[in-house]
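One chain follows as structure tokens, the form predicted on its own.
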Amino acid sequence: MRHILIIGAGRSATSLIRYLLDKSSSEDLFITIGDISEEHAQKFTKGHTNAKGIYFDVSDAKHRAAVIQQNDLIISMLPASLHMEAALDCLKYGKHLVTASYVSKEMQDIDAQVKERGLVFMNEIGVDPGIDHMSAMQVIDKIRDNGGKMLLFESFTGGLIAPESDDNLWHYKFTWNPRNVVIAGQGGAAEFIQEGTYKYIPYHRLFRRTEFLEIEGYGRFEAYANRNSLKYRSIYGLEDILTLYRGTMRHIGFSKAWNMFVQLGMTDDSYIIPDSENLSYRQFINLFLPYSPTDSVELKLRHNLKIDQDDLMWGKLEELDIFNAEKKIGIKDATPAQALQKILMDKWTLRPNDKDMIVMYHKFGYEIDGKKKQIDSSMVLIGEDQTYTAMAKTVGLPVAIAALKILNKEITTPGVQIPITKEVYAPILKELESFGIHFIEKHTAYMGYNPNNVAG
């Protein structure tokens, strides 16, 4: 029997665990689920004969090493910053490793050693990064194999609320880590290239420089730039490309509204607010507004943001109940971003019957036989329920499929890697289709970069 250890049993692990349990008998697998809460880990096994849930603390070196040695492949669903402890043990004891996280410098630094041991350390095999890599490289390789030259590549992904559960003015709810949503775009300017010219968008302008795009059957969306698109030139072998732009998708109007929080400073995560636990929502908002002995918080906010009382932006703010004088932040030593997250979680947490939606869109511009052509490729997946969400499926299923193919020696190239080779992406994308994760391609006339498709 082959043994797989899953470290971390969070929301993104549900579809991963279900897939491996369903395959456990036919593939001779035993699944150990390790979590800081043993009770939580055991909930996933449901008395399955080929699985067990255990207490697992990645910071406990002795226990961690003992458990890792008992398994053939390790799947780490921990936060990215916690992977290395497990990775070093995998290297030491000769175990394969799979994660959905970006390759860190520390992970890349052990690549030569991983190759020497003949191990596969597969990273960035979730949704974004993950399915975006695989679906993009499949088309790019096809274009190149046919003699085409890439001119443009744009890629966008959004974790959104499904249309049937869209019931607020923001057209948004948290479908993944709320903290990552609140601090998105911070840490440097967005970098990309358009028509051969380098472009930069500083954080304070990020949410007013949006792209518009259309997904057939689902309408129009907007997207703001991801922090660093330029690194994908070397990753995808697109060093000579004229346009390369990656972004995050939202429903139309979200970015303009979110920019209100950015301009006020409420997304700042660099300092602590004294006595934050005792602040009411209203008092928190007032921290970022000028003093006035007479004007209300509402009046000061409207004046500061230059919005009228009948403006849709004002309706969005009121809907969040940010002027409530009774509700408390309730978080000790909170940063502005943490306090804002608490307020938003009151309104944007998925309800029991809500469904989420993953949307992905790629645009490929290329030249072949002297003619310029374009391929638009899109994927939409709606979740089943609160347990098997679209996010959990698109993150967990590629991880699970990759793990099994590594064990079955269908993926054998050793080293620290991401899923950009045909050996990896072709079989995984094919299997994902059976779970409803598939791309629709549309071949159109080459449009190039359209400056009229930009707001702000």
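Computed from a predicted model, the values in this text were never measured in an experiment. Numbering starts at 1 and runs along the sequence shown. The term rigid core refers to the most C-alpha atoms you can superpose between the two forms while keeping them within 1.5 Å.
There is another form of the same protein, the form predicted in complex with a further copy of the same chain; it is not shown, and what comes next is about it.
Note on the partner interface in the model of the complex: the residue among Gly118, Pro274, Pro352, Gly217 having a heavy atom within 4.5 angstroms of a further copy of the same chain is Pro274. A heavy atom within 4.5 Å of a further copy of the same chain in the model of the complex is found for exactly one of Gly237, Gly265, Pro79, Pro163: Gly265. Although the partner is absent from this view, Thr197 contacts a further copy of the same chain in the model of the complex, with a non-hydrogen atom inside 4.5 angstroms. Taking the partner from elsewhere, Ser101 is found to have every heavy atom lying beyond 4.5 Å of a further copy of the same chain in the model of the complex. At the 4.5 Å threshold, heavy atoms of Phe212 stay clear of a further copy of the same chain in the model of the complex, well away from it. Within this chain, Lys142 is remote from the site of a further copy of the same chain in the model of the complex, having no heavy atom within 4.5 Å. Residues placing heavy atoms within 4.5 Å of a further copy of the same chain in the model of the complex fall in a single listed stretch, namely 256-264, out of 317-325, 130-138, 256-264, 149-157. Using a 4.5 Å cut-off on any heavy atom, none of the residues of 1-15 reaches a further copy of the same chain in the model of the complex. With the core held fixed, the Cα of Tyr236 is displaced between the shown form and the other one by less than 2 Å. Relative to the superposed rigid core, Ser377 undergoes a CA displacement smaller than 2 Å between the shown form and the other one. When two forms of a protein are overlaid on their rigid core, residues whose CA moves 2 Å or more are considered shifted, and Lys92 is not one of them between the shown form and the other one.
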